[in-house]
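Have a look below at one chain only, the form predicted on its own, in structure tokens format.
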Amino acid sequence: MARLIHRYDAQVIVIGGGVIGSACAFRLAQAGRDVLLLQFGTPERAASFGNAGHIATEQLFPLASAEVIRSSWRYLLDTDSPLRLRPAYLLALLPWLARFVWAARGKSFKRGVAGLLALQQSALVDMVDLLADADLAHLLHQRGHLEVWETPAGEAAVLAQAQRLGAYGIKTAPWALADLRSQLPELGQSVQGALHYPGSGHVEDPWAVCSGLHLALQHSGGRIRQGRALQLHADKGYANVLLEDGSRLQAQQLLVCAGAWSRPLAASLGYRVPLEVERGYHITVGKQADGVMPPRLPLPVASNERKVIMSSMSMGLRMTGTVELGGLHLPADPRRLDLLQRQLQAMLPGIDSRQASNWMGFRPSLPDHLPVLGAATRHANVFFAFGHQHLGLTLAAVTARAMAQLMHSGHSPIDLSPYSVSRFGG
């Protein structure tokens, strides 16, 4: 009987051109693999385009927590709350919310912290290495960030959080109010103090990181193709992707990094993953008509009470904040953008934000706030790397290192069992 010969379009097809997929594709190409990166849509809708640029190494506590559950009744009633549930999407969201409540239990929360800590321990070092290898080191700043407060209650919350994080090795240092006023004179007088997190970082332009990784991938021999993946099929020795235009691509291995669009792709292989969407918003104040740029902050500033963060970037000053659970199809809520405008005016009084650009994008979120990483349990040649919620940029480089080694050698430098798709019954 003649042996069946498969004709491959690439050794590895990576689905998703955001920061996770781009980083993974680049690392795989560096390892000598023939890589095809499949990307779709316009970058403006991607979380990798509009995020705060914050390398948030201090974020170890999942959103699924007893504190959030206790406060959840407010989120349906208060349109200005930092966590908003869109009423029109509530019925569809109920199964995910049930899993979210389950993940907030004490033991589950501790597993979530341990899972995030294992990834965060090398996240910034891995990012430094990734950007250096891709000739993008100039985009990264390692000055840390500030968390500021405006009330005694805010101060107590900031210090309590710092004490909790200190138990996991996260360092902080207080800033005297006089130093805060001298180094950030633009801040409103309502700000009464700040705590410095020296171990975090930020990038000048999140999408420049993605587009730079695309170039680095191509310089390493990888290829990029536009196209939307609709369905996956895998058998012994090969895997293929059905595209929206009806064509198929075939590879020895597939890596799914499609962010908020990963759920139907996993489902086409029989994996029911409870992936939902955190809709993020930003406003960016760029160069004004008279050529004046907004004030440049020496480091990002997060507000405890307002639950926003603002960063100076190459294109101007960006403020992001709020989490909205509302799926992929509902229109943006203009009240969230109005809220950011009010918060920006409160933090930087007098800033001219009338011509600010607005954005809403989609963050892939799982109930326990851990990503899905590793091999598909029933398909040896399919791998998953999605569901990083609002830590996609932060965890991109450590994810890429782990997945590239796993797919190339069969062994990951990090224990990936806490992130397995099998935790959802897959």
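All figures in this text were calculated on a predicted structure; none of them were measured in a lab. Just count from 1 along the sequence shown to find any residue number.
Keep in mind that the form predicted in complex with a small molecule is missing from the display, and what follows is about it.
In the predicted complex, the small molecule sits within 4.5 Å of a heavy atom of G392. Contact check for G361: a heavy atom falls within 4.5 Å of the small molecule in the predicted complex. Interface residue remark: R33 is not counted as part of the site for the small molecule in the predicted complex, having no heavy atom within 4.5 Å. In the predicted complex, the small molecule lies farther than 4.5 Å from every heavy atom of S65. Taking a 4.5 Å heavy atom cutoff to the small molecule in the predicted complex, the contact residue among Y197, Y281, W149, F100 is Y281. Residues placing heavy atoms within 4.5 Å of the small molecule in the predicted complex fall in a single listed stretch, namely 46 to 54, out of 46 to 54, 397 to 405, 372 to 380, 25 to 33.
If you check the small molecule in the predicted complex, you find no heavy atom from any of H138, A208 and N304 within 4.5 Å.
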